[in-house]
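Take a look at this one chain, the form predicted on its own, written out in structure tokens.
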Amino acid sequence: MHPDVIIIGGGLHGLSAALHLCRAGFRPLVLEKDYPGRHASGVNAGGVRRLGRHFAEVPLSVEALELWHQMPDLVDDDCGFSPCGQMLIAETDKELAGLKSRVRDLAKLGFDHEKIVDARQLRSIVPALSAHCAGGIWCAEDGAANPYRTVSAFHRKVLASGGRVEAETAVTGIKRAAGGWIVETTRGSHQAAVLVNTAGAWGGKVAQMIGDFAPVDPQAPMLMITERIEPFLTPVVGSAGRVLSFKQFDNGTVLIGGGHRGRAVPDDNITALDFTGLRTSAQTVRALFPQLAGLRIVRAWAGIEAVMPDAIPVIGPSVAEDNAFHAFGFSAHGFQLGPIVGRLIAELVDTGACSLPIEPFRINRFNDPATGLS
């Protein structure tokens, strides 16, 4: 029996779309060229945050957090989610003024989840922080989850719900056919009425096969993990003036990431680390937490991620063809959005409309002179 929907890309967004389509009565097939979670979805920092989002993403992020707090009801697993809070630190009065301006602008849009804290409040939440820090933004219900556990939970739930997932199945061609689409792969062909592109760093190539254009820049966000130390930190910590994402796990290890990039070679499925960037990340941690000087790094890695020129994703219908949809280009901050984006794609497939605003994410914005993007 042919599937109703073919989804290209078996990361979190593809699996989430498949699960929500199953819940809506569809029979999805997910095609993954490697295995689910091989790239960005399974190897990121696991941040579950509304904090610091591009304003266009905020409505989606707020709704996504509701799903994270209900994750066992969705996939029979809490995915390691902990609402430990997220803090964005300002080291100077100038940085704190910028954060206050952001919170005021966010409030004008009707959102109040970001709270300004002064230096005293900051240190009551993050006692180990260096004394020079001036304040920050606090999101108490944000947190973190286990990326690979999350992808695995969605994968299992898709299969249990009647969906299919074919790993090690690379797409080699896409063409129109009577009644929908034919997708050629390294393991044969498949046909369905609807096509969904959640191919991550390869999303631009899949879009081109459909007839759309998106200037994807494959990048390699890097992460490091340290040796175990005594507990000193509960929330996830970021910095307003530096590139940083920082948290401590229950086992005492510390994860250091935030934005320094290695080199991605998507055609060869490999990444290369940039040790200068890793050193800068380590120096940032030492500046904010001086007591960690000398802490040993155990390992470092990088995933392959799709970054867009405006650093927000492509979500929505194809402009070149009917019955084709996109969700890719999450620019190293898509993990938290996975559950809600899957629901929105299912809504588009089922009804042609979305319950949340996705106009800023349209794929044809890159051909729009008003955006200046290309």
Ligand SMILES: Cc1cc2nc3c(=O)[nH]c(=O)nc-3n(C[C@H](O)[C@H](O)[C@H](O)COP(=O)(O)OP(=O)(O)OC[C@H]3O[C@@H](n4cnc5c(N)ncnc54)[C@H](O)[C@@H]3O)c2cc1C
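All figures in this text were calculated on a predicted structure; none of them were measured in a lab. From 1 onward, residues are counted along the sequence shown.
Not on display, but discussed next: the form predicted in complex with the ligand.
Contact annotation for the candidate site: 12, 202 and 336 all lie close to the ligand in the predicted complex (heavy atom within 4.5 Å). Of the candidate stretches 275 to 283, 134 to 142, 77 to 85, 193 to 201, only 193 to 201 contains residues with a heavy atom within 4.5 Å of the ligand in the predicted complex. Interface membership of residue 321, defined by any non-hydrogen atom within 4.5 Å of the ligand in the predicted complex, is ruled out. Contact annotation: residue 344 falls outside 4.5 Å of the ligand in the predicted complex, judged by heavy atom distances.
Among heavy atoms of residue 28, none comes within 4.5 Å of the ligand in the predicted complex. Residue contact check for residue 304: one or more of its heavy atoms lie within 4.5 Å of the ligand in the predicted complex.
332 is the sole member of 308, 58, 67, 332 with a non-hydrogen atom lying within 4.5 angstroms of the ligand in the predicted complex. Only one of 43, 51, 312, 348 comes within 4.5 Å of the ligand in the predicted complex through a heavy atom, and that residue is 43. Residues from 153 to 185 that approach the ligand in the predicted complex with a non-hydrogen atom closer than or equal to 4.5 Å are 169, 170, 171, in the order they occur in the chain.
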